[in-house]
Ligand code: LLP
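Starting off, we have a lone chain in the form predicted on its own, written out as structure tokens.
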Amino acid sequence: MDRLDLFPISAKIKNDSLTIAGRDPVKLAEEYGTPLYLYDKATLEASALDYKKALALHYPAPASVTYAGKAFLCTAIAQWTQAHGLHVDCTGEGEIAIALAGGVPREHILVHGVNKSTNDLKSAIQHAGTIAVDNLTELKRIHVILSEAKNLSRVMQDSSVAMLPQSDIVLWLRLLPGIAVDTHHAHTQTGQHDSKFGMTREEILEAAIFCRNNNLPLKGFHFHQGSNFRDASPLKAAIELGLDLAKEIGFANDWHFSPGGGWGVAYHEDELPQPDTNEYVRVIAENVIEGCKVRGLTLPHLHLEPGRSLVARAGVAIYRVGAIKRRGNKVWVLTDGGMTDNLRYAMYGARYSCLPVTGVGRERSEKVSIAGPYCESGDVLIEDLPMPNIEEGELIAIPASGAYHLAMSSNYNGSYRPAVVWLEDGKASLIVRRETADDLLKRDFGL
């Protein structure tokens, strides 16, 4: 398969060089430095439209698409989500703050998290429309915060929470279905019985009783079985379990159901073609519709959380090659970025592909491994990929870099997080500047 199909839909080869959205990565690298992340608006919008079209085709009741803040969130991305009416999934007060800076309204903010702190919950209650409750302890903590907010004398300094009416927040319960999807690594599975996420059926029922007894606004369920999967069939059993619980608890009108997300994307040419968004949505919609019909349930407001499948392909990482080392049959191409901006290989062996930015049509004459400059043997981006004879100083481009790269980035070895540039109709806009030494020292006060 053609590696170009892994890149944004606006990517083309012109004069044997890669272009994205009509822009030359060589010139962008000269202006903004490397490592450099490029985000293509056209690809983002095509992905969002695919989900909206599929929902309109397959689901006759209200439905929403939620952008996963944990994949990558900055003010510009938050602004983009609202131009398309998307919800935004935030984990904790930090991501909530970014969503607010991007103009995301309360009703479009959904808060997830396994062990939300009191500050996370207060921020969610103040600013979000929905909290997906992960456990009973968290539910009881929410009840305490809401109870205190009703009594101004007990919330002496936190007037923002004190002024918040309880009806402004909606609660979902996160179900642990005990069923995982097929992913390439255990670290990307979340739905199995021994997972740290969510509540068992018995805990869900206990939580529902607690909500009823304490007049908490329980409105729905959420579950998530894993990330970057291609076979939607394991969702069917989890949907059945969720609908059984909805029937048992007595959800009637105006309830919400979220079968999570995690639909995959192609990172390597061996994984092409790209997974079919329409098929993923069809499986979910048909099973929810039929399951509700059998149980006499009204159709819920259906929430889809596309995760990486919405944003990964829109992003491209540009690196400059420094040294090249040949160790027998092993060729190391060493770049100026690595595990500090893309931890996915070191974390769970993720596979990627790559193109040189110029001289794209050269014969792929040797297998190379691409690694970064950091003091870890695990600082690797790609292993044993057929490539042309790459030279020192060249630029290379790694596709499908839009999700879970910068969101998991670090300052290991004192590295600077890269700049991020937004590409739209031939125009390039800096949306996140490159870090500097001053940024590293801002929180460092010395003795």
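Note that this is a predicted model, so its numbers are computed, not measured. Numbers for residues come from their place in the sequence shown, where the first is 1.
Just so you know, the form predicted together with this ligand exists too; it's not on screen, but the next bit is about it.
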Using a 4.5 Å heavy atom cut-off, which stretch among 355 to 363, 78 to 86, 307 to 315, 285 to 293 contacts this ligand in the model of the complex? 307 to 315
Could you confirm whether N228 comes within 4.5 Å of this ligand in the model of the complex, counting heavy atoms only? yes
Wondering, does W332 line up within 4.5 Å of this ligand in the model of the complex on heavy atoms? no
K52: touches this ligand in the model of the complex, heavy atom cutoff 4.5 angstroms: no
Please check if W263 has a heavy atom lying within 4.5 Å of any heavy atom of this ligand in the model of the complex. yes
Find the only residue in K41, K70, R417, H58 having a heavy atom within 4.5 Å of this ligand in the model of the complex. K70
Heavy atom within 4.5 Å of this ligand in the model of the complex - the one residue of H108, H127, H222, K116 that qualifies: H222
Output flag, H112, R174 and Y348 jointly within 4.5 Å of this ligand in the model of the complex, heavy atom basis: yes
Can you name the residues of 394 to 408 that have a heavy atom within 4.5 Å of this ligand in the model of the complex? Y404, M408
